[in-house]
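Have a look below at one chain only, the form predicted on its own, in structure tokens format.
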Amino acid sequence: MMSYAIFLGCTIPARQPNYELSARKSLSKLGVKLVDIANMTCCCPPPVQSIDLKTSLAIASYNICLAEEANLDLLTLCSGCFESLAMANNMLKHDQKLKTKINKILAETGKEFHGTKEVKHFLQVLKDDIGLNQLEQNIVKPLTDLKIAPFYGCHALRPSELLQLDDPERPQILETLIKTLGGTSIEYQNKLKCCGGLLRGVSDDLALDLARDKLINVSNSGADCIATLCPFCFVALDIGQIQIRSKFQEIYDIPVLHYSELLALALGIAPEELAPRTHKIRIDKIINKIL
């Protein structure tokens, strides 16, 4: 059985039990053991990097040290967490001077970064470690009637040379994994454009305009739903539809699901086990198409 230390970050445990439940239950069905490690802290997300990179790297690497002590690779769900942790891991592995500076900070907490483990996105574990053939063999409810609009968000793909999830201009990993479930991956205009998720609370009007543009393009594509990777993208496009209805008097009614939820349903996990009421835009019609 493959084992990973799981890094949940801050937003998923606080606001999105649907993401955590679907990922845990899906990976368990696929023979993966997730290990919860005590004392994990915030990843020190992307906005902090532009303010104080050294602090950001020290906090991110502290979490990696915990995974190293457990002799486990670190699996992430949140795209922002993936960016922070994978970037820190790769920067410190390839820059000895920087590693020495960060280890001086970590020494104050009794930790040392060695660079012996990998930080992996949930999708990388599915595609590269479990494998598409093994994944396909476990599908019991294929998504053959679903047209799905894949949405990567910003932080899973860039900076691409450090994260190495996929080609940042023409990514295919999410599309491939949608097709492996039997679904149809739908192309749409401005697919890689930001949804405005991290602008919420800073520039709410601009954030809502970006989310609206995304929803207009997905609606025009004829997709049944949107598949996301990021908890902030989920909020922007799910709760955002309610705010758009209020401000613009426009109704899109496009269900937004994390890829892990689609995977869980395809693996035959009962919908009631996946906290469907977490969604502001109901997903009943998607569930009915799968079941």
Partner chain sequence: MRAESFSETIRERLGGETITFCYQCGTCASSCPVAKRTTDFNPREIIKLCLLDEKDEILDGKSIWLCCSCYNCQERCPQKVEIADVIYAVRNIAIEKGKVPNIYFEFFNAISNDGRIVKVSQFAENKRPQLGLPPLQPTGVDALKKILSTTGFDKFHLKKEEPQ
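Please read these numbers as outputs of a predicted model, since none were measured by experiment. Numbering follows the first chain given and starts at 1.
Keep in mind that the form predicted in complex with the partner chain is not shown, yet the notes after this line are about it.
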| item | value |
| --- | --- |
| Check all three, 236, 256 and 270, heavy atom within 4.5 Å of the partner chain in the model of the complex | no |
| One stretch from 222-230, 260-268, 239-247, 47-55 that, in the model of the complex, holds residues within 4.5 Å of the partner chain by heavy atom | 47-55 |
| Candidate from 145, 136, 209, 112 lying within 4.5 Å of the partner chain in the model of the complex - any heavy atom | 209 |
| Partner contact for residue 128 in the model of the complex: the partner chain, 4.5 angstroms, heavy atom | no |
| The partner chain contact in the model of the complex: residue 118, any heavy atom under 4.5 Å | no |
| Contact test in the model of the complex: residue 172 vs the partner chain, heavy atoms, 4.5 Å | no |
| Non-hydrogen atom contact residue 21 with the partner chain in the model of the complex at 4.5 angstroms | yes |
| Residues from 1-36 in contact with the partner chain (non-hydrogen atom within 4.5 Å) in the model of the complex | 8, 9, 10, 11, 13, 14, 15, 17, 20, 21, 24, 36 |
